[in-house]
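Just one chain is shown here, as structure tokens, and it is the form predicted alone.
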């Protein structure tokens, strides 16, 4: 690991000022960053420790019903919070599927948004990688592509975003709070992560010094609490990253769907949400036909990024249909023994 400067910020303003210096990275739990540093993938000149910044570790419900989640809220605290589990159960289910208990006790909400891809070529410093060194090429293209992108990829990068949490957040219309040199602003989560296009190294809309200070889950997302599920398909049930995942949520009006929310994970450099897919669901009779048409709309334009991952398109379609079927049945009052797994059995009474 290279030598680096360490700064413990005492305020958000102090953190932003230090973070704007070239070669700076923010340090919270470090569950991803420190691994990258130890492997030589990342070599920041300085770390700005934000773990003691006041006011960033709480969960609060506003008067309008929106829920504010501080950037430093631990994944375990978020998953177990009674309001989150009841009002946004997809979020809790995704968190419980995302990592071991030890990691959930350390990892933070903002860190989950900011985690880097798990592409093996990105982690292998002997391999050309446009994310690691812009312009060097992408060795994943033409390589072992089984777990790589089938949506939104470019000739310069075919990596996928690894987060479980971001998938239901995107489906529910979460908003990211950002503090920067010009003040504070908000960005919809669906616009926060960038697709690779010609600049894979630009993974988010953050500018130098920008600091994620929290998330807002809108009040209207609570309407999906009774019929929302997160489904994760992975090579092993025990804490592997998603091959494909889906967040699906419905409101039901008699024998029709009132509204639907859908997002895919493990298929692109960002959670994949398409308005046309949700429009297919609105007013339709719930069932295999409507769910299949929504999945097709969500996957419109999907294409393999290599010969080994064509299967992911059909797998994603089936995962969406399965997730919607589970959502139609209702959200379990308590999480299944294997959260978000295709092998889980729903446990407990369903929400009314």
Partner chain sequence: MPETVARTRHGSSIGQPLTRREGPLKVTGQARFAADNLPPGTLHAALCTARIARGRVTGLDLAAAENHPGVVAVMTPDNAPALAKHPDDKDGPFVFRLDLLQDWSVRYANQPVAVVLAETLEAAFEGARLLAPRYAAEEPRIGLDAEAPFTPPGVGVGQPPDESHGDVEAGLAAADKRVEAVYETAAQYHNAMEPHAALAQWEGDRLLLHTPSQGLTAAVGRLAGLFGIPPKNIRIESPYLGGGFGSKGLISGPQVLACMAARLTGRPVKLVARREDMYGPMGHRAETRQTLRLGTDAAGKLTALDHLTLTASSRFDDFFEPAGGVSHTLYATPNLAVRHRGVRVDTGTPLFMRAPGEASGSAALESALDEMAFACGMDPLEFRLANYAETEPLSGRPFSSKALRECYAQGAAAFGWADRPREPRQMRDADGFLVGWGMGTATFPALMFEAQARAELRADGSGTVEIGAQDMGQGAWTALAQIAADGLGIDLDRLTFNMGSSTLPSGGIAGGSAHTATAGGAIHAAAAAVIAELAGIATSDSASPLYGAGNAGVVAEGGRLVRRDDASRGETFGAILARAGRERVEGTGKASSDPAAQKSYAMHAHGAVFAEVKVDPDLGQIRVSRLVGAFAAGRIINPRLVRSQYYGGMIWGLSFALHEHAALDPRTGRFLNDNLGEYHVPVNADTPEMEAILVHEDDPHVNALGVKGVGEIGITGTAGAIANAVWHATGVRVRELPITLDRVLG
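Everything numeric here is computed off the predicted structure, so don't read it as measured data. Numbering follows the first chain given and starts at 1.
What follows is about the form predicted together with the partner chain, which we do not show.
Report the stretch among 250 to 258, 100 to 108, 164 to 172, 232 to 240 that approaches the partner chain in the model of the complex to within 4.5 Å, counting heavy atoms only.
The contacting stretch is 232 to 240.
Does the 4.5 Å heavy atom contact test between residue 144 and the partner chain in the model of the complex come out positive?
Yes, residue 144 sits close enough to the partner chain in the model of the complex that at least one of its heavy atoms falls within 4.5 Å.
Does the partner chain get within 4.5 angstroms of any non-hydrogen atom of residue 25 in the model of the complex?
Residue 25: no, not in contact with the partner chain in the model of the complex.
Taking any heavy atom pair closer than or equal to 4.5 Å as contact, tell me whether residue 120 reaches the partner chain in the model of the complex.
Close contact exists here: in the model of the complex, residue 120 approaches the partner chain to within 4.5 Å, heavy atoms only.
For residue 338, is any heavy atom within 4.5 Å of the partner chain in the model of the complex, or not?
Yes, contact at 4.5 Å.
Which residue, 297, 34, 66, 315, has a heavy atom that falls within 4.5 Å of the partner chain in the model of the complex?
Checked against the cut-off, the match is 315.
Checking a candidate spot here: are 319, 342 and 345 all in contact with the partner chain in the model of the complex (at least one heavy atom each within 4.5 Å)?
Heavy-atom distance to the partner chain in the model of the complex: all three under 4.5 Å.
Just to make sure I understand: among 176 to 196, which residues lie within 4.5 Å of the partner chain in the model of the complex, judging by heavy atoms?
If the 4.5 Å heavy-atom criterion is applied to the partner chain in the model of the complex, 176 to 196 yields nothing.
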